[in-house]
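Just the one chain here, the form predicted alone, laid out as C-alpha cells.
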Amino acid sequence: MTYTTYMTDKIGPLPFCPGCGHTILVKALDQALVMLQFDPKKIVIVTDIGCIGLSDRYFTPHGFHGLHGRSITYACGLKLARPELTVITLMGDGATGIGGTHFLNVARRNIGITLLVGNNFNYGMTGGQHSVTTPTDGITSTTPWGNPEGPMDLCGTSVAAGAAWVYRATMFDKDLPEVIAEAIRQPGFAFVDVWEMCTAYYAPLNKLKKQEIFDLLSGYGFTIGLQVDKPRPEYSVKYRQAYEAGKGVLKSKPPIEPKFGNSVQKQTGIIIAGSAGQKIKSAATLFAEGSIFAGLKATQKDDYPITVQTGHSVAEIIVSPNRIDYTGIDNPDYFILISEDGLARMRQTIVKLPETCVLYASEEIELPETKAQVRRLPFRELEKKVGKLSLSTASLAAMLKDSGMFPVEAFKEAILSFQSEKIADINIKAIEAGAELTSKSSSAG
C-alpha cells in the first residue's frame, strides 16, 4: 500500500501557535516519511515535555512520550531492544539542554536513532525562559536584561562527541523534508538542528524574523547544511556482533544438585568479618554454594567500604532447610572474626551477640565484652600455612567442622565445581587445614 500521510486529523489541527516553526518541522517529518514509505507499525516517534512534545499524538506510527529531557534515553532503549524499528526523536532546545549527557552519549555511541531538534532559543511551553541555545543578549523571561551567556552550538557539540551525521537547517528551508528523509536513512545516529521561531515568546521580545535568524547564524559563524558525514558501525549492530562472537567464550555455572545431607533444623545466620583482600566474599559464596550441595537454601549479603582494597570486609550467610524470606541476621548463630579491620567494623555487633552465638576469634584480637561462646583459634598461624587469600576459606571450614551443619565435603564440592583446578587445589588444602584446626582446639572463655 502507498502511504500519502503518516499523520491523523482525528484529534484536530496541530496545537502550535500561529507561525510557530514546530508546525513546519512536524509537517516536514510527515513528508519525509511519505518519501520513505516505511511501514508505520515499524516506526516509533519519541517525545518528551515541551511544545514539540505534543506532536507524537498526531502521527499514526507508534508514539512514546516521557519526561523532560529524557526522550533520547527512551529512543535508545527502543532501538537497542528492537533494532529493526525506525526510531525518531523530536525534542526542543530546552529538553536537549536538560538531557545534555544523553545528547553527548548517543552521538558518542552512534546508536541508530534520528534526532530532530526544534531549536527556538527558549522554553516555549513553560513561559519563555532562556535555554542553552538562547543567543547572547537574547531577552527572555529569565534574562530580561539580555542573556549574558553564549549559546551552545548543538551541531558542533554533537560532532565533537562523535556523531556520524549532522545537519543544520532552518524552518525556511524548502528541502527540509528531503533533509529529514536523508537523516532517517542513516544507519547510525543522525541529528538535524532546525532553527525556528517561537512566535509566542522569543520572536516578539527580540524582534526576530527570518532575516534575523540568518544574521544570527552568520554572526556565530554557523553554516546551514551538512556538518559531518562520517559513517561508522552502528552501536546495536556492533554490540550484537560482539555478543555473538563472545558467546562461545562465556562460561555458565552448572546447576547445583544436592549430593549431601545436613543437620540444619532452622534458619541459621553466619557472619565472617575480616579485611579487604582476604577473599571474604568469595569464600562466603563458595560456602553458600556448598550448603546448597548439602540440600539447603542459602543467601549472602556483603559489606565493604568504597575503597574496596583497604579496610573491612564482611559477609553474612544464611542457610536454611526452608525458603528464606527474611535475609537479615538479627542474632547470628555463628560469628567468625579473623582481623582487626573486621573487629573495627563489627564491634557493636559483637558486644550484642547472644549467648546462643558461637564466636570464633583469632587469638591475638582483644575482644570487647560479649555474651557469645568464644572459641579462640590461631588464625594468624593458620594464615601462614594456607596463605592470606585462603584464610577465610579455612576459617569457614573450621566453623563448619565444629558445628556439623553439613559435611565439609559439600564445601569442597563447591570449590571443585566452580574454581579452576590450580586455585581449587589450594583451597581444598585450606579447608582441610581449617577442619583439622577446630578438632585440635578447645573452648576458651
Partner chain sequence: MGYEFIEGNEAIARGAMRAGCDFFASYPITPASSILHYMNDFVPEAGGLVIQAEDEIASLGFCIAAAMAGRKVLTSTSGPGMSLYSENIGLAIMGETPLVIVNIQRQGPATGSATKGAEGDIQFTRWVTSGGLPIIALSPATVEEAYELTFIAFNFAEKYRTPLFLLTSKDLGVTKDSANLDLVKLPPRFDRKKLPPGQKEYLPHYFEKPEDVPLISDFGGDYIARYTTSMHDKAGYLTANPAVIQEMIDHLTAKIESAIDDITLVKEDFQEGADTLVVSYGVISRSAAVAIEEARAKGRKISSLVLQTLWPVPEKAIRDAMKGIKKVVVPEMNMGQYLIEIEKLAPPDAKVIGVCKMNTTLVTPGEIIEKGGLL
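Residue numbers count along the first chain shown, from 1. Definition used throughout: the rigid core is the maximal C-alpha set that superposes within 1.5 Å between two forms. Model, not experiment: these values are computed from the prediction.
Omitted from view is the form predicted together with the partner chain, to which the following refers.
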{"query": "One stretch from 177-185, 207-215, 76-84, 268-276 that, in the model of the complex, holds residues within 4.5 Å of the partner chain by heavy atom", "finding": "76-84"}
{"query": "4.5 angstroms heavy atom contact with the partner chain in the model of the complex for Y201", "finding": "no"}
{"query": "Heavy atom of W145 within 4.5 Å of the partner chain in the model of the complex", "finding": "no"}
{"query": "I49, heavy atom within 4.5 angstroms of the partner chain in the model of the complex", "finding": "yes"}
{"query": "Contact test in the model of the complex: P61 vs the partner chain, heavy atoms, 4.5 Å", "finding": "yes"}
{"query": "Contact assignment for the partner chain in the model of the complex, among S263, S141, N105, T349, heavy atom within 4.5 Å", "finding": "N105"}
{"query": "Residue (of Q241, Q300, T136, T223) lying close to the partner chain in the model of the complex, criterion heavy atoms within 4.5 Å", "finding": "Q300"}
{"query": "Residues within stretch 332-351 having a non-hydrogen atom within 4.5 Å of the partner chain in the model of the complex", "finding": "R345"}
{"query": "Threshold 2 Å Cα movement between the shown form and the other one at Q37, rigid core reference", "finding": "no"}
{"query": "Is_shifted N331 between the shown form and the other one (CA, 2 Å cut-off, rigid core)", "finding": "yes"}
{"query": "Core superposition between the shown form and the other one, C-alpha change of I72 at least 2 Å", "finding": "no"}
